[in-house]
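Just one chain follows, in the form predicted alone, and it is written as structure tokens.
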Amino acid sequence: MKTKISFILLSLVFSVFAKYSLADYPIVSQRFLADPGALVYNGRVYIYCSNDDDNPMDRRGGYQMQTIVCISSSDLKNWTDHGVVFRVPGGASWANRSWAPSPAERDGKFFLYFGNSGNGIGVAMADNPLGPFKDPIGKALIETSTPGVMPAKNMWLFDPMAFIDDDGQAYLYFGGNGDDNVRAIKLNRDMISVDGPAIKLTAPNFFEAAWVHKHNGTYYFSYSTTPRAQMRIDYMTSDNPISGFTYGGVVSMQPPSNNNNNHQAIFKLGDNWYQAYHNRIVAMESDIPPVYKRNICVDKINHNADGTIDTMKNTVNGLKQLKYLDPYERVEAETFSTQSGIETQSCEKGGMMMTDINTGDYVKVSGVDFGRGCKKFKASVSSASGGGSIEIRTGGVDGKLLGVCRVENTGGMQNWKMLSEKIKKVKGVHDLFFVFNSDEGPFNIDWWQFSN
């Protein structure tokens, strides 16, 4: 994203954002992301998103997303920005849009299902959850000509959701813009072809955002309701994945600071269930037209013994950190819980980096476990100018100063040098802050690590 987003936290508009300071709301504030789809894999949740950075700032610009971005976390506080993992038409030559992705994993392969605007559904495949994803069939997987899709009145053919049942059967749910416009279709084992015609389902006030999860033998079909029904996330339940659904209630109300379309992804990580969703608070509080600039949030949901779901409460900082971050392992710089003034972008040597770092910018890394203590810090940095410095602090941007790491000119923004600095001994669990100063121009950070 070329236009810097400085969200909350001691920025020039600190007073506006004070109530959100040092909170995980939203979970990623350096990007505009929306329409989450979640995959839990090897103890980590990967959330794939429509990339609203593709959309113009103009209120009349429209949804023009052509890329999908992935973010991930194992603790639900610190999120890693993996950047763009799929794009059209490069990854699918027949498509010109990539909306509302849904991921799945099977037999060591990873799949992304996406909407080509509202005009068809595609599938892309990769060997790992971070892609790059490529279209394996050279055409749309679901079209209006797919048996069972039609007849339908004003059908929106998008918002796919892939669900693999306990017996191994995979399904794809999709559709929009009408109570009778819900469709489900069986997928073959290869996940890139369908088995039989689409099956018609009905949901009251169905608008978009089909999603299915299973808990204690019950299938939950959740979806966004129409504007007339407040664009809530409602749900239906059944003992069968493609029939017998009855209305259950409300998963969540229209999110605060949204007032527009709604989209959810429900996932289980550890022992708890969560819902990822989008709102528009970053744009609203940054005085950016918010219609096409959304951001991702996550909150916990609860299933009751009788099979109902408690209506979710939207929180600013309501999630418990699932585990502490280990600073003795290499940590990608684009992993943090909160930021101010930071951008992330692809690195020429691969992966992502924290970039365009200037004086006053900072990041917070939540719940870092230093154990019995460490005395050294190192980081991979680059600068084409005089560089600056990294203040290493705990507890806050003005918290205890552990040390200062000087960044010199490395000969270019993609010429990397590892810096090492002795610091004051720190032990136990702390929130870690990197506060940046830039003397003669911005600099980049690829990764960091502590040692004894």
Ligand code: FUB
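Note that residue numbering follows the sequence shown and begins at 1. Computed from a predicted structure; not experimentally measured.
Beyond the structure shown, there is the form predicted together with the named molecule, which is absent from this document and is the topic of what follows.
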For this session: Give a yes or no for F158: in the model of the complex, does one of its heavy atoms lie within 4.5 Å of a heavy atom belonging to the named molecule?
Result: yes
Problem set entry | W99 within 4.5 Å of the named molecule in the model of the complex, heavy atoms | yes
Problem set entry | Touches the named molecule in the model of the complex: T308 (any heavy atom, 4.5 Å) | no
Exercise. Quick one: is H278 in contact with the named molecule in the model of the complex, heavy atoms, 4.5 Å cut-off?
Worked result: yes
For this session: Could you check which residue among T315, N261, N272, S74 gets a heavy atom within 4.5 Å of the named molecule in the model of the complex?
Result: N261
For this session: Note which of E208, D361, D135, D81 lies within 4.5 Å of the named molecule in the model of the complex, where distance is taken over heavy atoms; exactly one does.
Result: E208
Exercise. Just one stretch in 328-336, 126-134, 196-204, 158-166 has heavy atoms within 4.5 Å of the named molecule in the model of the complex, so which one is it?
Worked result: 158-166
For this session: Go through 28-44 residue by residue and record those having a heavy atom within 4.5 Å of the named molecule in the model of the complex; state none if no residue qualifies.
Result: D35
